[in-house]
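Just one chain follows, in the form predicted on its own, and it is written as structure tokens.
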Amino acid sequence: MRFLCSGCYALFLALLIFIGQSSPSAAQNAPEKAALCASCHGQDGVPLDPTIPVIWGQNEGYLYIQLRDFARGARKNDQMAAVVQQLSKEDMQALAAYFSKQPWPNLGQKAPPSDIVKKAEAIANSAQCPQCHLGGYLGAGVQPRLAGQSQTYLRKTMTDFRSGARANNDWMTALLKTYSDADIAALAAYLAGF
């Protein structure tokens, strides 16, 4: 578990208290609850830490499933687990809808050199990545957008799938067990540079 500074910890506790309050309409309160997510995911959609994913502009179905998986314990993260335990299904759906409508931020990541692009494209095509994540790796529905996601986050996520540390998608775990560190690094650089 990552330890928070005292100011971040206080903000985190306030977030838990606020999210735990019931509301007449989850959709009406989504912007207020979403504003508190900025303490990690960023005010403008750019996460404060590159190991934290961009959620602005991410696909609604995917966001909901991740929140649900955090709540069920299928996806592990101590901070997110504490937050989502305070959310109803309606809150999760409202937050997923809210974030999916935000503009995807530009993280300013550059495309990798052509040799890395060729290697990554060969890996992605052999695994049929574009079939699920679609053209341009924008995903849809429950499939995540990968294009323009933080390179650090992509690399960490693929490594976590490979090791089993992230276990909420058996197919991704099985696939990534076949990838080397160099394969994962090439894919992360390629996808981040879109």
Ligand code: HEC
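Note that residue numbering follows the sequence shown and begins at 1. All values derive from a computational prediction rather than experimental measurement.
Although it is not shown, the form predicted in complex with ligand HEC is what the next lines describe.
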- Query: Looking at V117, M80, L107, A97, which has any heavy atom no more than 4.5 Å from ligand HEC in the model of the complex?
  - Reply: M80
- Query: Among Q43, S163, T51, Q28, which has any heavy atom within 4.5 Å of ligand HEC in the model of the complex?
  - Reply: T51
- Task: Evaluate P144 for contact with ligand HEC in the model of the complex, applying a 4.5 angstroms cut-off between non-hydrogen atoms, and reply yes or no.
- Result: yes
- Message: Check Q151 for me: does it contact ligand HEC in the model of the complex (non-hydrogen atoms, 4.5 angstroms)?
- Response: no
- Item | 4.5 angstroms heavy atom contact with ligand HEC in the model of the complex for M172 | yes
- Non-hydrogen atom contact L87 with ligand HEC in the model of the complex at 4.5 angstroms: yes
- Query: Taking heavy atoms and a 4.5 Å limit, what residues of 155-194 are near ligand HEC in the model of the complex?
  - Reply: K156, T157, M158, F161, R166, N168, N169, W171, M172, L175, Y179, L187, L191
